[in-house]
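Below you will find one chain, with nothing else, as structure tokens; this is the form predicted on its own, and questions on how it binds or moves follow later.
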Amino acid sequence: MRRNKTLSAVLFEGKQRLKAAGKENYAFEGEILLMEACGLSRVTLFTQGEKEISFEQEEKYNDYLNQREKNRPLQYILGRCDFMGLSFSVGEGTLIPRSDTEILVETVLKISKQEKIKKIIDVGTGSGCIPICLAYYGDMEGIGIDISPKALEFARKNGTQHHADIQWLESDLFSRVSDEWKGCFDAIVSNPPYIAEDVITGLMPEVRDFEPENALDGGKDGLDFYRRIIRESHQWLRDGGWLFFEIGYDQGPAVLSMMGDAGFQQCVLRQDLAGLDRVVYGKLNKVFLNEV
């Protein structure tokens, strides 16, 4: 009769499999997946290495490894992702929150300390991580919109989990937002699809083959959604309202120019921790719009 394997032995095998599959963070991922399969803490994993695991736990771990070897994202396997210190449910059909987007949320929170930002609308909300964090950390309220019903399922679940005062709406940008909201929002926030269409085929397979293309494809030059949101934004923002975007590293000058032409002032380009352009934001001046 075959003897159960120890944690240390199974972990070593798992790391070797992920390394052979070319996973850069194979050690970390091997540990996380084994902890998930066995319901263990990191302390237990490394202090009780000679502990035997059940065949069922080993089988579950092997299933996780098989999925990861086929490039399924770690977050989808786990069914969750950490963002801004909170845990969010994720899966096929919704974009995985990235740490880069935390810069966007932090920027809105920073400006909200100087300006009145209470009512917000998040365009292309995905998992809902942006408005939920703004509600959680900034006591904001408003709407999260997305064209994908699957993404909104995750957003609603996450909103309920974190008690966020956010309404969720299936809509192609602002097309189904009620007219009663026109001129009411203190801020529009968006991490729109911004990858140029000819770049998508060269993305990592975890992104290209699993994450929703409609959350990635920003059109020929990656700027389609910025144009559409900026063009419609003045209808939904109050005078003096703010527009916040996450951008690709090379899109700052173009988005700044579009916002300036559309009546946004005090426009700022902010870098991420790597020194790459990451966020553009500005304040709407409706007097400017009436003059042009």
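The first residue of the sequence shown is number 1, and the count goes up from there. Fair warning: this is a prediction, and the values are worked out from it, not measured in the lab.
The same protein has a further form, the form predicted in complex with ligand GLN, not shown here; the description that follows concerns it.
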Checked 215, 117, 90, 123 for heavy atoms within 4.5 Å of ligand GLN in the predicted complex; positive is 215
Only one of 168, 194, 185, 154 has a non-hydrogen atom within 4.5 angstroms of ligand GLN in the predicted complex; which is it?
194
Spell it out for me: taking ligand GLN in the predicted complex, does every residue among 105, 110 and 272 have a heavy atom no farther than 4.5 Å from it?
no
Which one, 91 to 99, 128 to 136, 141 to 149, 159 to 167, holds residues whose non-hydrogen atoms are within 4.5 Å of ligand GLN in the predicted complex?
91 to 99
Do residue 246 and ligand GLN come within 4.5 Å of each other in the predicted complex, heavy atoms counted?
yes
Quick one: which residues from 130 to 158 get a non-hydrogen atom within 4.5 Å of ligand GLN in the predicted complex?
none
